[in-house]
Structure formats: structure tokens, C-alpha cells
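A single chain, nothing else alongside it, follows as C-alpha cells in the form predicted alone.
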Amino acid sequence: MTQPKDFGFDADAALLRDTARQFLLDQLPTEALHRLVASDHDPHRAPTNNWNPALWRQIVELGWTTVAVPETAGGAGLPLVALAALAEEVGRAALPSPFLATAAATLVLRQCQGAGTRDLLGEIAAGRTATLAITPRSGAWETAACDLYLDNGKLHGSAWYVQDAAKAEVLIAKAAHRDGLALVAVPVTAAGVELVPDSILDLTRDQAHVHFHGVAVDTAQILAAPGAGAATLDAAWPGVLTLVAADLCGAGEWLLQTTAEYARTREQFGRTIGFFQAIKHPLVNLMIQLDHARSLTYNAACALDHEPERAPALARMAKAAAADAGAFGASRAIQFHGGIGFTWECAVHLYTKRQKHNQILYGDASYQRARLAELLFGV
């Protein structure tokens, strides 16, 4: 099977993207975002979870949560390039919401065969929020790494670096079992679940580590039976990486456009600073890097639907390129904004911190290229 023209990005996907962009411009302009997440500049503040649940309800009404859910489970069942486009717009707005976490959980659920999977996908389409609880304390992103154990119907142990945990209603947890890895759905309100907020750099998200103190799990909560969890996660992982890459591209585009606009208006030595090659050339380089990363991201998203055997390699290429572009764009944006670029009042710091979080999340560029080398060359 080969990919369709333009990665399958059709009129429906374009309309969804454009509508989402205008909606976020109207509902969450940069000034409103700064007031929402950066009202407290105290570096010793407690971990926060600043978001707008009313805005999230509007997003649900617009059908964003249905995009990746199959039609058989009550969703729209759109191509994954449409989901990537939404993730890019979420990144462009630095939207504080459970959208990315829930979308990643949705992609994992699409690969599950458990009895309760279809019902849970339907609930997500209707607005229930979810997140992945699959990473050990060591931060290892490999599938086999696990600090959570399922024994005699109960969960013991912990999951770390859980994204937007304070906004989630259900955890998709990876647990070791004597028969192999399993995936289970656990409500955050279940007895024995303890969420401990983490202090993180990114002000537009929250993160936590979760302890499971003998949490009871019945058969309806098992999404992937022991022994099937690893293959399920591996099948979903390219989509998860592609979502993060799309968010990186969106936030990177905001940094590029905002910095270019500043360069067109800020004057120094009798000219706008955009006149000088030391400014214009790096901005052009950033534009090229972002276009490269975006192309790889949509290529990976399209492969998930049309060439799944190529998706693991393409997704790692996309995440690596997007992480590099994100780091470069954030550093240039701060530098080219001069003295104000380092201040709390300048929104550039919000996007820089989001990019740094995305850059590391699920493995940075060096990590992705190392895994890519294993895939392609067996080294």
C-alpha cells in the first residue's frame, strides 16, 4: 500500500484545522494564556494545574475528541493526519488541556482488544479524559520498563511522568504480570490510587507520579491481556510520538511568526532588526527546519493509516526533527527578542518551556535517532 497525495490531507482535515485555529485564536489569545498559566512568578510555588474546563467542554462539543475514535465506537474515525493537524494547532496555542494526553490514550486504546475497550473509546468521544501511566521512575521509554505489577487482580507499584494527570479521569496503566505486560484502565478516583503532582518547567501542562496501593482490577478493566500489552503499546507508539512532534511543530510556528513580527517592528541602529543578516538568516533556517519537521510528521501520521510497517521509523524521524527544530526556535526567539525575551511578562517563555518539555517527552532527538538506527540497521 502506498500513501495518498498530500499525505491524505483532504478538505475535511483542512476545515478541521482552520476551524480549530480560529477557535483558539478567539478563545485563548496569548494575553489570556499568560494570565491563565503565569499569574504566579514565584519559583518556589507549589505544582499547579491551570486550565479552563469550560473551554474544554467547548472543545468536546466541537468534536475534537471524536477524531481518532473509530466510527464503530461512536467516533468520527478520521485519518490520523487530521488528528496531527489538531495537535499542531493545540501546540500553536500552547493550549492547557488534556487533549494531547487523551489523544495518546485513544491511540493506545485503538490497538486494544479488551472487552471494555469499545465502551471506553465511546466515553472518550463523549468527553471523558484519559492519560497514559506507562513510565517507570527511571524515565526509560522502552516498552519493557515497568514499576507497576498486576498480581491476583490488584495493582501494586507506581507510574511516573504521567502527563496531565490532574485533568484525567482514567489512567491507561502498563503493568507487569507473570504472563507478560498487561494494559488496564483505572479510574483516578479508584480506592488505592494516589496522585502526587510534580513540579515541572512547562506552565501549560501538569505532570504527576501515581502510586497504586493494591488497586483492585476486574476483568472489564483489562484492555490488553497479560502477554499482549507489549505488542499493543508498540503498535500505538508511532502515533504517540507523532502527536508530540505535531505539538512541537505548532509551538515552533508560533515562535517563528512572533519573532519575525518583532523583527519587523523593533528598531536598532536606525533600522528594524530584521534588516540584519544575523537575524534574518537564522529565522529562515528555522522556517526550513519547521517545514522539514512538519513534512516528516504528516508523513508519519499518514503511514499509520496506509503503511503501518513504516510508521515506527517515520515517527522517530519526525520526533527527532521536531525536537531539534523546537530547541533551535526557542533559543532564537529568546535571543532575538533581546532584553524582553528573558522576562516573565514576555509570552516567549511559555512556549520555550513547552518546547523543552516536548523535546524530552518520550525521548529527545538523540534517543530517537539511536532507536531509529536499531530499526534500520540493527545496531
Partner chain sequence: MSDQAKQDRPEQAEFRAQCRAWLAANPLPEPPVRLPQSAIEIMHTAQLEYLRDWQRQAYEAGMVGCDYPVASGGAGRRDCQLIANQEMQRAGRPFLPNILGLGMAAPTIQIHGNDFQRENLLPRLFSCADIWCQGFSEPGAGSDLANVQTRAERYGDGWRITGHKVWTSLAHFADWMILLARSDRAHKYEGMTYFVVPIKANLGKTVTVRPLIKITGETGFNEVFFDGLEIPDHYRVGEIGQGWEVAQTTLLHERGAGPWVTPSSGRGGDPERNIADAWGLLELARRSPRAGRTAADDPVLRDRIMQLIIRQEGSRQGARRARVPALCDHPQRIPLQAKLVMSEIRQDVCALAMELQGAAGTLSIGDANAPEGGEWALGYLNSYGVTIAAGTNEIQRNILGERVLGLAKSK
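Numbering follows the first chain given and starts at 1. What you see is a predicted model; the values in this text were computed from it and never measured.
Keep in mind that the form predicted in complex with the partner chain is not shown, yet the notes after this line are about it.
S.K.: Looking in the model of the complex, any heavy atom of Ile200 within 4.5 Å of the partner chain?
M.R.: Ile200: contacts the partner chain in the model of the complex.
S.K.: My question is simply whether Arg17 lines the interface with the partner chain in the model of the complex - judged by any non-hydrogen atom within 4.5 Å.
M.R.: No - in the model of the complex, heavy atoms of Arg17 and the partner chain never come within 4.5 Å of each other.
S.K.: Is there a non-hydrogen atom of Gln289 within 4.5 angstroms of a non-hydrogen atom of the partner chain in the model of the complex?
M.R.: Although the partner chain is absent here, Gln289 would stay clear of it in the model of the complex, with no heavy atoms inside 4.5 Å.
S.K.: Taking 4.5 angstroms as the cut-off for heavy atoms, does Trp141 touch the partner chain in the model of the complex?
M.R.: Yes, Trp141 is a contact residue.
S.K.: Based on heavy atom distances of 4.5 Å or less, which listed stretch (37-45, 307-315, 51-59, 65-73) is in contact with the partner chain in the model of the complex?
M.R.: Looking at the partner contacts, the answer comes out as 37-45.
S.K.: Going by heavy atom distances of 4.5 angstroms or less, which of Thr259, Asn299, Thr204, Gln207 would be at the interface with the partner chain in the model of the complex?
M.R.: Selected residue: Gln207.
S.K.: Would Trp160, Ser331 and Asp364 all count as contacting the partner chain in the model of the complex, using a 4.5 Å heavy atom cut-off?
M.R.: Yes.
S.K.: Could you list the residues in 272-295 that come within 4.5 Å of the partner chain in the model of the complex, counting only heavy atoms and keeping sequence order?
M.R.: Heavy-atom contacts within 4.5 Å come from Phe276, Ala278.
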